[in-house]
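Shown next as structure tokens: one chain only, the form predicted on its own.
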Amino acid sequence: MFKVRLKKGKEKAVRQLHPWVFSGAIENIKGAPQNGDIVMVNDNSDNFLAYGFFNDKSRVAVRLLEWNLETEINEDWWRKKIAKAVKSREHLYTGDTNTYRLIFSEADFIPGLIVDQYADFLSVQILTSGIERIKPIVIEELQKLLDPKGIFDRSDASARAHEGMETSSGGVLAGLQPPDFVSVKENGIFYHVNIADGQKSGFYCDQRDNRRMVADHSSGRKVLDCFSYSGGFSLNAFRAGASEVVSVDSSGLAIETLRRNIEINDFSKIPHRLIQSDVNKQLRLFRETNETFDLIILDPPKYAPSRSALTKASRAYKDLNRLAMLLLNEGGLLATFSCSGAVDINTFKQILAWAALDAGKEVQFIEQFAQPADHPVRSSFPEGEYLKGLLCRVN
């Protein structure tokens, strides 16, 4: 087997079961492994540490899989990992919810594989060369376990580029082509999900619990949902009895999808406005026209894809939240989120404190949000904790 020997003192994270070995930690490599090959990782004295798959195009040169020397990483090993991840989510599939994440990459000990379920269809992202090697096993095991109508490839092009992989062509991996819109249900609300062309894998099921929790504060309030996408927070606010809902997103497809979702849930009679616009621009326009709200939801895209982008992202988060605070009525609520893994919860609180100072507001943190059970955080991989949010009372 190919062997990767680490520099002296670089074995600590591996012994603590962290799944990444960076290229700078490697002393030398015995043999010439190809991307996706399984390698043995040893410390500087050549003592065994773990097995993982190799990639010389990525900053993460080895993604670790197994810390037991006697365990062989073969087809049966992969099938057991896939089956275990799927089984751990069985309790989530209920009469009220039929969409959730089945496999969450490193968190489920399968680095580079993400699988989301949308009713009878699966959306798959293959983001590492090691998973690309075993793609037939993955697809076959998912078919055996779940018997979906179809499995669709939504592999993220930028993530594959970082791994030195060719852009995935997308398309059907097994079964049927999904229809233009797949009907799914989350917390009793229906959504039309565009698997082929929607953002990410088609839907953001990581906000499932948070949508319900924010909705608990929507009754009788005028709600502004920013970066509304297909309307998760908007629809929950409708059902909770909001007096009016204003939804803003820059995507025409997102706005049209939300319009469909309002209709299929019979919320059309509730006062609402759907605005296709850049959120920052629209917030400034609301300010100019003196329009205010009782509850504002900010769920922006990832501003800090890495720690190197943290300073720039912090400024963007601060300005966005400052604008929102200025639009709230006295004692209004701000539900604000960050999906940037590089922004931890304490950093996010500090950003909001700066935004409040700039806005001349006093802010109380009254509730904290996180990712749900189908997006677990592995204790040895804190980087998997990416979604955080706060409910703020603004005075």
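This is a predicted model, so every value here is computed, not measured. Heads up: residue numbers just count along the shown sequence, starting at 1.
The same protein has a further form, the form predicted in complex with a small molecule, not shown here; the description that follows concerns it.
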property: Of Q117, T128, S228, N261, the one that lies within 4.5 Å of the small molecule in the predicted complex (heavy atoms); result: S228
property: Contact assignment for the small molecule in the predicted complex, among P301, G170, P136, P305, heavy atom within 4.5 Å; result: P301
property: Contact flag, R211 vs the small molecule in the predicted complex, heavy atom cut 4.5 Å; result: yes
property: Touches the small molecule in the predicted complex: S183 (any heavy atom, 4.5 Å); result: no
property: Exercise: A107 in contact with the small molecule in the predicted complex, heavy atom 4.5 Å; result: no
property: S88: touches the small molecule in the predicted complex, heavy atom cutoff 4.5 angstroms; result: no
property: Partner-facing stretch of 265-273, 80-88, 249-257, 143-151, counted where any non-hydrogen atom is within 4.5 angstroms of the small molecule in the predicted complex; result: 249-257
